[in-house]
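One chain comes next, on its own, written out as structure tokens in the form predicted on its own.
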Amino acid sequence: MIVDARGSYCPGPLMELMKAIKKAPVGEIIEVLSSDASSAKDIPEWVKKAGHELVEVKEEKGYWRIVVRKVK
């Protein structure tokens, strides 16, 4: 599942991820695409607190790709 939150600013990308995680089955991989650099810090912090798995945080050209696996 891809959450394209480019053009949205904090806390938009995180809110979009939270909605996607609620709908996703356990084990689902969710990619968040965000042009807001603070997402690269905020989303991993939330993922850790929420008990999910951070797979990757990668800076692409003009945006961040944050990959999360739903664990529970």
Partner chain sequence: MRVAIVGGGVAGILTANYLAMRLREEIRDKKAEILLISERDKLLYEPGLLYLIFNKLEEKDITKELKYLLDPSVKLIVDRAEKLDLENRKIKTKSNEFDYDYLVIATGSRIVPEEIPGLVQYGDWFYNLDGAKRLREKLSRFKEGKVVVSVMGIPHKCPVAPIEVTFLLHEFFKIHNVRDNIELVYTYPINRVFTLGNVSELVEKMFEERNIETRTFFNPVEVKEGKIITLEGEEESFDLLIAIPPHKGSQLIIDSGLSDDGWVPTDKFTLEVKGYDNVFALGDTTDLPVSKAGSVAHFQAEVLAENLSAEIKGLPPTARYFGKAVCFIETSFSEATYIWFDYETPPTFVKPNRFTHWMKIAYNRMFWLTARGVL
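Positions refer to the first chain, counted from 1. Bear in mind the structure is a predicted one, so any value in this text is a computation, not a measurement.
A second form of this protein, the form predicted together with the partner chain, is not displayed here; the remarks below concern that form.
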- Item | Every residue of 6, 40 and 61 near the partner chain in the predicted complex, heavy atom within 4.5 Å | no
- Is residue 18 a contact residue for the partner chain in the predicted complex, using a 4.5 Å heavy atom cut-off? yes
- Message: Is residue 10 near the partner chain? Define near as a heavy atom within 4.5 Å, in the predicted complex.
- Response: yes
- Item | is_contact(residue 54, the partner chain) in the predicted complex, heavy atom dist at most 4.5 Å | no
- Message: I'd like to know whether residue 24 contacts the partner chain in the predicted complex, with contact meaning heavy atoms within 4.5 angstroms.
- Response: no
- Are there residues in 44-72 with a heavy atom within 4.5 Å of the partner chain in the predicted complex, and which are they, in order? 45, 46, 49, 50, 72
